[in-house]
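What follows is a single chain, given as structure tokens, in the form predicted on its own.
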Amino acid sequence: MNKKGFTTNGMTLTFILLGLIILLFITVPLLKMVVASDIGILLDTLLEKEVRNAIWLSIYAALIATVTGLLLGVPLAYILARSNFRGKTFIEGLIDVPIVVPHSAAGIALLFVFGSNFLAGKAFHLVGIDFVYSTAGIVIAMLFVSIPFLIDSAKEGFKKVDVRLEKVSRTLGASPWQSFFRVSLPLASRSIFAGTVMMWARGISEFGAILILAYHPMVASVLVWNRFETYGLDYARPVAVLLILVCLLLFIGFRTVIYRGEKA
């Protein structure tokens, strides 16, 4: 074996070992918690109405936040992918701010806008929408912390679409709207779908912003924390395991759809 081949093999082996370390770091705590849980206790916990409602609320609120993100974020992603203008870099950086801001701080920031004593909160209250201690508050907290994943993924998807295809559709008589919906959107759909899955998953896992803005009704992440603080680890663990299993099954399902789409 020559020196070049030895170096390559050695590097590959090193990278595999380092990759195994991080994989073990991710999987061992989750597997240990799941394996250490009694199936009977898990079933009893699942039968609790409070637990079922919390898990369903997490999924439902994250879905509303994701649909809202699609309607508002995809157009912005398209503009960022297709246009160059002064301040574009600043806007792209601003979009990613929710990723780096501590989410408890994000909750306080949202409270200062959508709280009942502030302008937006008062305006929405006039039409019967309140954000403090409500599902609406959970939705906007999820939306705030997860929207960057969708916008960034959709933007990269639109960048991969050849601009010439849009120009050809326009020369054939398509309007800008028709060109977008028949050419750009379908070709970028895989990236948009991947971003949608990440946004939805991130919304379900949110805790800090929701805790500040809308403690009640409880989503699953807040319920886990509440039971841990009130009753201890043994009482909180079954809820945490159920949430992990539900998220894992849904996430694997969505990733399978993406993979099959890429293979098609």
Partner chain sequence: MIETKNLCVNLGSFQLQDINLTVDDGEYFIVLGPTGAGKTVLLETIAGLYPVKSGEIWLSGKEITRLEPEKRGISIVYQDQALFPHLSVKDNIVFGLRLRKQARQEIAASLDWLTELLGISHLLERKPNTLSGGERQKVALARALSIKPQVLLLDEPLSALDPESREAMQRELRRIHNRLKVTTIHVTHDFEEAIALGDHIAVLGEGRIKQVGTPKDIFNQPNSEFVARFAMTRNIFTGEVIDKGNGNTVFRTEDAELVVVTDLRGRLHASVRPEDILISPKPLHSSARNSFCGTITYIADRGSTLYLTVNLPPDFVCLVTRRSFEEMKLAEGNKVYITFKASAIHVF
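Everything numeric in this text was worked out from a predicted model, so none of it was measured. Numbering follows the first chain given and starts at 1.
Not pictured, yet referred to below: the form predicted in complex with its partner chain.
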Task: Stretch from 175-183, 149-157, 125-133, 76-84 whose residues place a heavy atom within 4.5 Å of its partner chain in the predicted complex - done: 175-183
Open item on the list: Quick check on this chain: which one of I108, V101, I95, L187 has a heavy atom within 4.5 Å of its partner chain in the predicted complex?
Closed with: L187
Task: Contact residue in the predicted complex, from V168, I91, L72, A120 (heavy atom within 4.5 Å of its partner chain) - done: V168
